[in-house]
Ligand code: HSE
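Let's start with one chain on its own, the form predicted alone, as structure tokens.
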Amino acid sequence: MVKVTVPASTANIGPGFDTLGLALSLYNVYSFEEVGEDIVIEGCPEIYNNKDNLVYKSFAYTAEKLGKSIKGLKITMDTQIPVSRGLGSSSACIVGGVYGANAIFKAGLSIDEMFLIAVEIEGHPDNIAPCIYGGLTASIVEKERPYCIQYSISDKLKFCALIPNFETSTIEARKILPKKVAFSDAVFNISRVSVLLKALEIGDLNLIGRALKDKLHQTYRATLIHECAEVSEICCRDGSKAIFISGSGPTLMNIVDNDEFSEKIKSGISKLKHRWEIKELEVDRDGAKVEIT
């Protein structure tokens, strides 16, 4: 049996639109086992218990790339990453399937080779990169080929996710963005993402808060997130200096350097109309892991 553990990820991180990603300590675990001649999928809603399951589709895509055929396969899923909340659930599924196929077929693909396959499936690297490599990553695509580099991030930084009981559509969150942006807005983001990377490395929360400002996507996407302004106000009032929309939302992410923040915001968050789960997270520095038993 092959077990693949994949971390959640938060993309964009304010000004780093479609570029930055960070792996977090929230995990999906996928177990793969060759059995009979059937495809069996367990541990997910019944609607996904078929060959349209993204983990299976990614496994099958990788198998085809390897020139292998699938006779029978059992996939068991133990998932902590919520779906459609801006925490990289689809990327986790894809990485799980790619890693699972590589291990089951003993293909010996390198991490970099699996990164390329996973990005082919996903279509963009911002969430895939941290899922695979762990930590803080920046990605580019040059002539349809993705490239990724890792950055250091301070050990003293912690992440507090506010995860609501409603979803947002990634497609809708992209549709709402403007087709063109002002030159000054582009400069605004470039300057801040450059400062943000160093601020995250040294753990300067005041500077991180300033560098998280963005003019390309968050203002627009906030309109799709119920109570976004109210949650942000509560977090800032109770000590958050750094808050951003995780991916395309609706999860809102705080960067903090103490363990008291979650307790401070509980009262205010509990009074809102929608239910917001408060989850304390840390950086996952290892990325996807494979265990063969």
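Residue numbers here begin at 1 and follow the sequence given. Given the structure is predicted, the values throughout are model-derived calculations rather than measurements.
Just so you know, the form predicted together with L-homoserine (HSE) exists too; it's not on screen, but the next bit is about it.
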Look at the stretches 205 to 213, 101 to 109, 183 to 191, 169 to 177 and give the one with heavy atoms within 4.5 Å of L-homoserine (HSE) in the predicted complex. 169 to 177
Answer option from 156, 71, 124, 198, heavy atom within 4.5 Å of L-homoserine (HSE) in the predicted complex: 124
Give a yes or no for residue 18: in the predicted complex, does one of its heavy atoms lie within 4.5 Å of a heavy atom belonging to L-homoserine (HSE)? yes
Indicate whether L-homoserine (HSE) has at least one heavy atom within 4.5 Å of a heavy atom of residue 9 in the predicted complex. no
Should residue 85 be classed as touching L-homoserine (HSE) in the predicted complex when contacts are defined as heavy atoms within 4.5 Å? no
Tell me, yes or no, whether residue 247 is in contact with L-homoserine (HSE) in the predicted complex, where a contact means a heavy atom of each within 4.5 Å. yes
For the stretch 203 to 237, which residues lie within 4.5 Å of L-homoserine (HSE) in the predicted complex by non-hydrogen atom distance? 221
